[in-house]
Ligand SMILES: NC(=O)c1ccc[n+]([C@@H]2O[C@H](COP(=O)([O-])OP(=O)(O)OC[C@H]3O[C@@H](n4cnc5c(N)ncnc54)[C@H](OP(=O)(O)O)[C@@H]3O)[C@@H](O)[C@H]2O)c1
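Okay, here we've got a single chain as C-alpha cells, the form predicted alone, with questions on binding and movement later.
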Amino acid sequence: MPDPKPGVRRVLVTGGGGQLGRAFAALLPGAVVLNREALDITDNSAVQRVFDEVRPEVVYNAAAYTAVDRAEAEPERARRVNADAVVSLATAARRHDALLVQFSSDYIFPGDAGPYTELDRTLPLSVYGRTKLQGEVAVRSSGGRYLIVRTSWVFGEGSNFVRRIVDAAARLDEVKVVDDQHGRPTYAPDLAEGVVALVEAGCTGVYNLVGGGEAVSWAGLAESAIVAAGFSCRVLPVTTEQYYADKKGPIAVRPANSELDCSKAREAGVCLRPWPQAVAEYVKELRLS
C-alpha cells in the first residue's frame, strides 16, 4: 500500500470502481483507492488486513449494492454488502480511531412527505432501502467516529440513468420515462467535493447532501439531459405502474417523493451547485468522449 505524503491524512476509499469511488480517486490523488477486486468489503479478514496496512484516518465507503430491483430477488447479497460489510468496516475504523464516512440513500424514506430532514421518520419500501438503513444502524452503534451522508439519484463516471438516457436519445425518437417519482439528482464529483468539505469542517453524525435546485421527476431529468445533448428525442412521461407493466421479475417499490432537505449541510457551509448545471457539464463530457 502506498504511504501518503508527509502532512497529508491517510485516506482509504472503498468501492473505487464505482461512480463515487472514481470521483474520490480524482479528487484525492493521495488516497488509497481500492476497487472490488482489490478489496471485497464482505470479506472481514481482508477488511481488517487492509486497515492494518493503510492505517487510515478517514475512510470513505463508496462500495454498495445499488441494483434496486435485483435486490428484491437477492436480499441476502444486498444485506451482506450494504449492512453486514459495514459492520466490519465500522469495527476496523473504530480500532484505528478512523472517521468512517458511510453513504446512505433517499430510499430509506417512505416518499409520502418531503423534503426529508435528517430527523424525519425512516420507513424503507424496498430491500435496497432497508439494507441501506441497516448500514446506518451498524455505523451508529459501532461506538466509533462516523459521518453518514444521505444522498440521491447519483450520476457520474460509469453506468447511470443520465448516461442511459443520452445513449437512448441518440438512437430513438421517443423514450418512456417515469414522471411520478421526484427527487434531486446529484453529480458524483460534486458530492465527493461536498463530503470532503464536511469532513474538513469536522462534521460528524448524519447529513443530507444532494444536488442543488428544485426537485424533479425522472422524466424531467431525462428532458434536461436530452436538451443538453442537443438531441430531438421526445420524452413520454408515464406513471410508475405504466412503466413497469410489461417488465418481468421483481420490481422494488420506490418512494414517490424522496427529496432531501440539505439545510444542515448548508449551515455547515456546504451546498452543491444546481443539478441542471451539473447535468449539462456531464452530458458535454459524454458527447466529447
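These numbers come from a predicted model, not from an experiment. Residue numbers here begin at 1 and follow the sequence given.
Missing here is the form predicted in complex with this ligand; even so, the following discussion is about that form.
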Q: Could you tell me which of 102-110, 170-178, 138-146, 118-126 sits within 4.5 Å of this ligand in the predicted complex, going by non-hydrogen atoms?
A: 102-110
**Q.** Any non-hydrogen atom of residue 59 within 4.5 angstroms of this ligand in the predicted complex
**A.** no
Q. Using 4.5 Å between non-hydrogen atoms, is residue 151 touching this ligand in the predicted complex?
A. yes
Q: May I ask you to check whether residue 274 falls inside a 4.5 Å heavy atom distance of this ligand in the predicted complex?
A: no
Q.
So in the predicted complex, is this ligand close enough to residue 69 to count as touching (4.5 Å, heavy atoms)?
A. no
**Q.** Of 240, 257, 42, 48, the one that lies within 4.5 Å of this ligand in the predicted complex (heavy atoms)
**A.** 42
Q.
By the heavy atom within 4.5 Å rule, which residue out of 133, 81, 90, 166 makes contact with this ligand in the predicted complex?
A. 81
Q. Relative to this ligand in the predicted complex, which residues of 63-80 have a heavy atom no more than 4.5 Å away?
A. 63, 64, 66
